[in-house]
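Take a look at this one chain, the form predicted on its own, written out in structure tokens.
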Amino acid sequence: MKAFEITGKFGIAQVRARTVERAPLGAGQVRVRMRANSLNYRDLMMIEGQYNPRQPLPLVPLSDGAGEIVEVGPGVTERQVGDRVVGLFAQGWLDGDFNKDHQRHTLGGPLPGMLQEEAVLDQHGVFVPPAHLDDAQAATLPCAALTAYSALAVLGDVGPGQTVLCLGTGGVSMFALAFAKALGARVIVTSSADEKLERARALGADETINYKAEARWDKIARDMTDGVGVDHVVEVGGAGTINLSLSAVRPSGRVSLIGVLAGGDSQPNLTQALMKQVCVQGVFVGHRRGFAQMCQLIEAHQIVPQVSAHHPVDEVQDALGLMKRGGHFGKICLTW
């Protein structure tokens, strides 16, 4: 069968197609024929050796994928041949608190990822996506969507009367916009491009800020909340934006740490976090129970993921280059 691997050394140019043997099915496992994948910034970092430089190679990359079960192993009771499923990022994390063992069982590193014609997964590590989503849209759910849902609904308890600040217009932020609106919150979105901000408004953003035009977007966000500050920041920038996020959030508010897109080496202003009694919460995607709850919300509100680019799977290097340039809105997907 066909699989793509990072071969020899890290780098986008090292992601190459190979013919590999089909893995045998063990007890409780299912074989999923891939139909679509979506890209995450974690995938790019893994491929370039930035996420885990000690990751053994070769590695099948990508954490997200949707497809159809074509075979079930002994003892499989939850799923059957023909089921349309997505693979869950943290294969062993069904519920409860996160621990290091969960980190050792994630797709796309250290476990083999989903950029392969067929993937063998545990029956508990797959889930049926909402029926109104196509394969590419379904493939966006395991990482970006669940991360946004975990931040807002599982850990953040966002609801009516609150204001959520979403940094940027990438996959996590656009899911956060959709979920926050579904939960009854007001949403502010930032971007460096007015065109992307217009698209965010069309999707329900109440306010937008161009952070290139407004370097002190934290002050603008506070002004939009009568000087109080936002209740929740979906922080995908990392060191390059954390201090502005701490400035934008209200006393006793929450900052969900999700990404490192802005890079930088600035030191977080811990005094500000302390004096405002801010909860700074790291978010490592989420568990299976949260995924099930998220799918219920998606179905109830008929939420459709934003996919701005579709590439045939053989153009994976081009798709990764697009992600690296930041030239997308929402998600980038691959089709088999």
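Quick caveat: nothing in here was measured; it's all calculated off a predicted structure. Don't overthink the numbering: it's just position in the shown sequence, from 1.
Omitted here: the form predicted in complex with a small molecule. The next part is about that form.
Undergrad: Among the candidate residues Thr163, Thr140, Thr169, Gln116, which is the single one with a non-hydrogen atom no more than 4.5 Å from the small molecule in the predicted bound form?
TA: Residue within 4.5 Å of the partner: Thr169.
Undergrad: Only one of Ile303, Val283, Ala36, Leu59 comes within 4.5 Å of the small molecule in the predicted bound form by heavy atoms, so just point that one out.
TA: The residue from Ile303, Val283, Ala36, Leu59 that makes the contact is Val283.
Undergrad: So, in the predicted bound form, is His102 in contact with the small molecule at a 4.5 angstroms heavy atom limit?
TA: No, His102 stays farther than 4.5 Å from the small molecule in the predicted bound form.
Undergrad: Do Arg31 and the small molecule share at least one heavy atom pair within 4.5 Å in the predicted bound form?
TA: Although the small molecule is absent here, Arg31 would stay clear of it in the predicted bound form, with no heavy atoms inside 4.5 Å.
Undergrad: Consider Gly326 of the chain shown here, and say whether it contacts the small molecule in the predicted bound form, taking contact as heavy atoms within 4.5 Å.
TA: Gly326: yes, in contact with the small molecule in the predicted bound form.
Undergrad: Even though the small molecule is not shown here, does Ser192 get within 4.5 Å of it in the predicted bound form, heavy atoms only?
TA: Answer yes; at least one heavy atom of Ser192 falls within 4.5 Å of the small molecule in the predicted bound form.
Undergrad: In the predicted bound form, which of the stretches 271 to 279, 66 to 74, 284 to 292, 306 to 314 has residues with heavy atoms within 4.5 Å of the small molecule?
TA: Heavy atoms within 4.5 Å of the small molecule in the predicted bound form occur in 284 to 292.
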